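Below sits a lone chain in structure tokens, taken as the form predicted alone.
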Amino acid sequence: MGKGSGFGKTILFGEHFVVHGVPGIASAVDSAADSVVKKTANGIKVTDERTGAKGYADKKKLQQLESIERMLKAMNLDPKTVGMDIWLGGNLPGFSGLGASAASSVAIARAIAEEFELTFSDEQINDIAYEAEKAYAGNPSGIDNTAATFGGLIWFEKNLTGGENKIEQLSIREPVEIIIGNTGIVANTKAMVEGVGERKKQNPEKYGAIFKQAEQLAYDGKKALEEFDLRKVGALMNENHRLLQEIEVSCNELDILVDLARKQGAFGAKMTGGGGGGCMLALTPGKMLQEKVASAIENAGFEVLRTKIGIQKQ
């Protein structure tokens, strides 16, 4: 029996923009997907017991099976001959925008490696999870699986020519409380990514200017995080949400939750992940502020995850 885990993540700066080579900042959260794998004689069976948005597991099922096939091939295992039971659980809910697919891919890859007595470094697990992520995102940036594998706070730049991505571990003084608010809408990340790419082709001048702003935000965000200027981080998050609205990846439900969090005193709030549903993120340092914002969102009828950013891999 093999076991593995992968962190959930939230993107502080740069979702969608990172796909096109703009730097982004992601953080692992204090919640993870866990997997247990057992060899069997008959095919591949997945039991998904993660909590989350209604219908998440069902809507992602075909993508999940494709991701496991991609993963096995990357591990030099034949999906047609390998038999195993895969269990998925953990305290990371299956909300769109939390990197749930990447976290589960990392967890499953680690569990398979242990059960089949294969040795992979974290870097190799990250590569395997990236291959699995193609089933969910089509052209993934790589930021989700990197955060899921390594934990902590990550500066990420995608190499658009096929070389190695730039990954830099950032550090902050201490983990910081956040809330994740879930719209309840299961988002299609692949469709959202493709939509941005198409609109960028059709409006190169408009999108070029927005992407330059997003790049500057990432550098400003990095500086503010390193200086632990959380008010500045929050203000920059607000600006990042405005840019995401401009590239048409937010939605009414996300905007409602972002506005609600800000009115309750969150330092900053924005959508996180692919958009079109899924989740938003609010920076809420301290348990009291975290609870105030979380309760307001729950009272409005939405699910909330109370967690922290800046969690390091053990």
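It should be emphasised that the depicted structure is a prediction, and the values quoted were computed from it without experimental measurement. Note that residue numbering begins at 1 and tracks the sequence as displayed.
Beyond what is shown, the protein has a form predicted together with a small molecule; the following relates to that form.
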| item | value |
| --- | --- |
| Heavy atom of each of His16, Val19 and Gly97 within 4.5 Å of the small molecule in the predicted bound form | yes |
| Contact residue in the predicted bound form, chosen from Val186, Met71, Val193, Ala235 - any heavy atom within 4.5 Å of the small molecule | Val193 |
| Among the candidates Asn126, Asn240, Ser141, Asn182, the residue which, in the predicted bound form, approaches the small molecule to within 4.5 Å (heavy atoms) | Ser141 |
| Proximity to the small molecule in the predicted bound form (heavy atom, within 4.5 Å), stretch among 270-278, 61-69, 251-259, 27-35 | 270-278 |
| Partner contact for Ile11 in the predicted bound form: the small molecule, 4.5 angstroms, heavy atom | yes |
